[in-house]
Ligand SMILES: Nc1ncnc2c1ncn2[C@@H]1O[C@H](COP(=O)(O)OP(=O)(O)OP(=O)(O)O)[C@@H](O)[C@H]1O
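Quick setup: one chain, the form predicted on its own, written in structure tokens, and binding and motion questions come after.
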């Protein structure tokens, strides 16, 4: 019998009540994360990546949000817990690193007090011990002179250091799962590489699971073991990094990979573009959600929604014609 996943999301649905009616931003999303594993969640803006993360953490306004499905942390369904119990878990067993460190940090509090707050609340230690732990966490994340930095304010340090502080806050209670929502988007390439290396080292040291939300497929290739591709609130493809990059099955995934700039080849050619835009949640297509933008779509795609099916090789795909498309591409390669 295989070991139970650290985090398992089963048929997650997140529905918002709006002035014009209900809209479902996350519709039947399922995936899992094992100990010591990093999965990448990719897709364009508006595909439901961040809402999925916020649903797992239950950060959304629950007076206007309805959840369905299950979010199991070591077998315990987070969606069924009381708000008080969820507060105990949030930041302690599962933490989130947000995209912009300046909106994640309180400009009126010192760095040390913000890190120490979570330690005091969750680990029930005294203030002096919490501050000492804050210094240790800053040192762990590679910030120089941590004894000095704990007394500084967010505006007094660089963007790269602020991101390290946010990571230190997320790791302060040594959670089992980290959700990182575009953690390196606002950083330059050098600092970005340092942050990714740091997260990878800490994952190995603490045996955590990481959910990495990103637009950057280069980041996915570097740090993730598996990839979940989302489109308009659904998972449309899932697989190991090597398999998915080598043999993408869904036309949308192919489009994302073809949009990556290449070092070799004809540089005079324009980059591939996926035509159209992600439609609003109030105008979800009847059949395949990607059909209006897909060059392979036919009447079946327009009228009937495909399921997420096992495609072998550890991959899953939500497409009516992936086998036909794959076969045609293989034949084309063979004749070139």
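Quick caveat, the model's predicted, so the values are computed rather than measured. Positions refer to the first chain, counted from 1.
FYI, the form predicted in complex with this ligand isn't displayed, but the following is about it.
Contact between residue 34 and this ligand in the model of the complex is not found at the 4.5 Å heavy atom cutoff. Put simply, residue 289 is far from this ligand in the model of the complex: not one heavy atom of it is within 4.5 Å. Although the partner is absent here, residue 56 sits far enough away that none of its heavy atoms falls within 4.5 Å of this ligand in the model of the complex. In the model of the complex, this ligand lies farther than 4.5 Å from every heavy atom of residue 87. Heavy atoms within 4.5 Å of this ligand in the model of the complex are found in one stretch of 307 to 315, 40 to 48, 66 to 74, 291 to 299, which is 40 to 48. Contact annotation for the candidate site: 6, 27 and 176 all lie away from this ligand in the model of the complex (no heavy atom within 4.5 Å). Exactly one listed residue, out of 127, 247, 215, 139, brings a non-hydrogen atom to within 4.5 Å of this ligand in the model of the complex: 215. Along 280 to 308, a non-hydrogen atom within 4.5 Å of this ligand in the model of the complex is carried only by 281.
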